[in-house]
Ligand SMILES: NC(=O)c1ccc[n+]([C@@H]2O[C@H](COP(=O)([O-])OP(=O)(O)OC[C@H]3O[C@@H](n4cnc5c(N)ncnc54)[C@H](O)[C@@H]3O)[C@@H](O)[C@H]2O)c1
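In structure tokens, the next block holds one chain alone, the form predicted on its own.
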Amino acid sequence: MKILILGMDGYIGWSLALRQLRLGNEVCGVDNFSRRKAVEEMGSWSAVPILPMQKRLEILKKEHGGKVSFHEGDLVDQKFTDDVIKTFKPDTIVHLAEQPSAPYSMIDQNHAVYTQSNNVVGTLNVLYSQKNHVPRAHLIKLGTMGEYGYGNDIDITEGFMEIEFRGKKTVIPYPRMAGSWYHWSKVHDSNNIMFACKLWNLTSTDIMQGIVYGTRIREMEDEPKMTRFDFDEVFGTVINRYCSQAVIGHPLTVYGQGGQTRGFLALEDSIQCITILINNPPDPGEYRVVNQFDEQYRVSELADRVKRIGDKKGLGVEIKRVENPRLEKEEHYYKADHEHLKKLGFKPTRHIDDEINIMLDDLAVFKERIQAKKDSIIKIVRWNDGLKQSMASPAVSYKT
């Protein structure tokens, strides 16, 4: 099978490439390295040092020969996107190539506009290229559980729900109530993909993914194969950030009361789920939505778990509640369905406590790297007025 991974240099993209190559598939990667540049813009870097793509490719080609290729470029460049898809002719397109951070999108107007134009225009270009060159390919697009919003008073379905209004019943997309410019860009993507499937009979799986955590998957047996690991406030997800704070003796910063509830998924299981979806495409012409997470946790509960496990390692972990910079409910009802992937065979790999234990051990090796950029852990991007010292422009300019 030929797999095109858009965003191959990223946290999930690199991990997925390793897995698909091990399974014997042919992989073509695309990236413009905007994640590296944006994290540098935030005054940070990956806790785990990652090699330049050329070195990464050399390692992969030694093991897999001509089954791996790569193109540097930007999906907002229509010709570039067309050329890659027309030439490679993938069976599956895995689209991970978007600006992935809610805080980054909330810094100021420039970062909001960059996020929406990069994400929405890039996805539209992919859809048109799919239609024109590989209409029978399966597009797997990484969305987010954040599209639904948090604090709804009803359960969250997987994409669609049945309603009754004035005596009539119908099925509609589950209402989207996103909470950042980034999350709204994902909502716009979902609407565009759903429409493209209807308009052109394309096939797509839209993944509403929970928050991913972890330092490694099974293919990362040595440091040169490790994926990036961000710990700054803007790009570091909550468990990853807590574990990084723990190993350097920084208090775990819980926003507000810590009652915010989210779905979480280990990196290993994110890759397992995407692989399951690659191997089990929906029917031709179908727009399929899956909620991709393992369990739900309150962020304060996660801090308690990291403290308990860290203290057993002698880290003396402290928890500190800080003013919440986000506009969100801190105590709310949250229950989301996630049955589709289970029916396709998804089974969690490890308990969250075991994963946290591995993360703390892995990150202890890179304690000095985290310590060197500790100021990036608290940048304070406030939802109502951006970053305290706002940047004039985002790390990557939008190309027309």
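Note that residue numbering begins at 1 and tracks the sequence as displayed. Everything numeric in this text was worked out from a predicted model, so none of it was measured.
Keep in mind the form predicted in complex with the named molecule is missing from the figure; the text below concerns it.
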### Query
Can we say 273, 357 and 361 each have a non-hydrogen atom within 4.5 Å of the named molecule in the model of the complex?
no
### Query
Of 159, 100, 325, 90, which one comes within 4.5 Å of the named molecule in the model of the complex, counting heavy atoms only?
100
### Message
Just to be sure I understand the contacts: of 219, 108, 74, 304, which is the one whose heavy atoms reach within 4.5 angstroms of the named molecule in the model of the complex?
### Response
74
#### Entry: the named molecule in the model of the complex: contacting segment from 60-68, 330-338, 31-39, 361-369, heavy atom within 4.5 Å
31-39
#### Entry: Proximity of residue 176 to the named molecule in the model of the complex, heavy atoms at 4.5 Å
no
### Query
Is residue 228 one of the residues lying within 4.5 Å of the named molecule in the model of the complex, judged by heavy atom distances?
yes
### Task
Report yes if any heavy atom of residue 381 sits within 4.5 Å of a heavy atom of the named molecule in the model of the complex; otherwise report no.
no
#### Entry: Non-hydrogen atom contact residue 394 with the named molecule in the model of the complex at 4.5 angstroms
no
## Note on the structure
Across 206-230, the residues having a non-hydrogen atom within 4.5 Å of the named molecule in the model of the complex turn out to be 209, 210, 211, 212, 228
